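Take a look at this one chain, the form predicted alone, written out in structure tokens.
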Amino acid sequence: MNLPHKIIIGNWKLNDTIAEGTVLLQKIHQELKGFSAATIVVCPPATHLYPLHRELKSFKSDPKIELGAQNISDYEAGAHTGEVSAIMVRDLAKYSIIGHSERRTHYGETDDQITRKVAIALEHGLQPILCVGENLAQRHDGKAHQVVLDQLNTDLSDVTADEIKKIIIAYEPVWAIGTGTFAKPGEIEDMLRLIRNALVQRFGRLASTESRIVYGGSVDGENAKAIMQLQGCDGVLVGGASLKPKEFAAIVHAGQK
């Protein structure tokens, strides 16, 4: 089910100083001045959340831009050097990316850890942006459906029907992340439909239709409109293009109905 407003999420990853990030946010806001026909989220590095939170308060016109964390710890507090908890970011951000393919692949995050992160995010008022997706070998072996279903079944195992409404599911095929290649329209629609049906079976149709499902993977200003016109696509998760104000603004405009 397509919801009235698309959600456009920019993942800045490990880029920009605080000063550069502040300028980037200002430029994005200026490019989109007066625009209100989409939900816009930017996810900067954790060090940027406080200054960008303050910067957003100074904006006096649309668009309203929300902040998201790129990650949270699966612990709430304690002897976990280098970790950032949901409690630490909840007053600064409304969302948190959880289970991004780079976290799974490069940092060995498991679905059990991701399950705890989802539960902790919800407990502390953060809306999870839960990433699921298969790698190239799994797709070639015909295992894409099962991989994504297994991720969903574990990652959402502690989630209730009331809570699923607050969760955004991001389908991001690992082979399309940062490669300049995005899945074919039929492949995207197939996986979005698979995810929606899985949510319906687990949580019921009414609750599941309020959960947004977005696509991520080499989204740019040229392909964004075609992607967001696909059946069942509620928005996009944008990587590198979110660091380019004009291109990110073009993606946001592409989601307008």
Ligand code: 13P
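This one's a predicted model, so the numbers in the text were calculated from it and none came from an experiment. Numbering starts at 1 and runs along the sequence shown.
What follows is about the form predicted in complex with the ligand, which we do not show.
Only one of the listed residues (V148, M88, A176, L122) places a non-hydrogen atom within 4.5 angstroms of the ligand in the model of the complex, and that residue is A176.
Though the partner is left out of this view, K117 does not reach within 4.5 Å of the ligand in the model of the complex, counting heavy atoms only. With a 4.5 Å cutoff on heavy atoms, P44 does not count as touching the ligand in the model of the complex; it lies far away. Contact annotation: E109 falls outside 4.5 Å of the ligand in the model of the complex, judged by heavy atom distances. Among residues of the shown chain, S218 is one whose heavy atoms approach the ligand to within 4.5 Å in the model of the complex. Residue heavy atoms within 4.5 Å of the ligand in the model of the complex occur in exactly one stretch of 95 to 103, 133 to 141, 159 to 167, 71 to 79, and that stretch is 95 to 103. Along 218 to 240, a non-hydrogen atom within 4.5 Å of the ligand in the model of the complex is carried by S218, V219, L237, V238, G239, G240, in order along the sequence.
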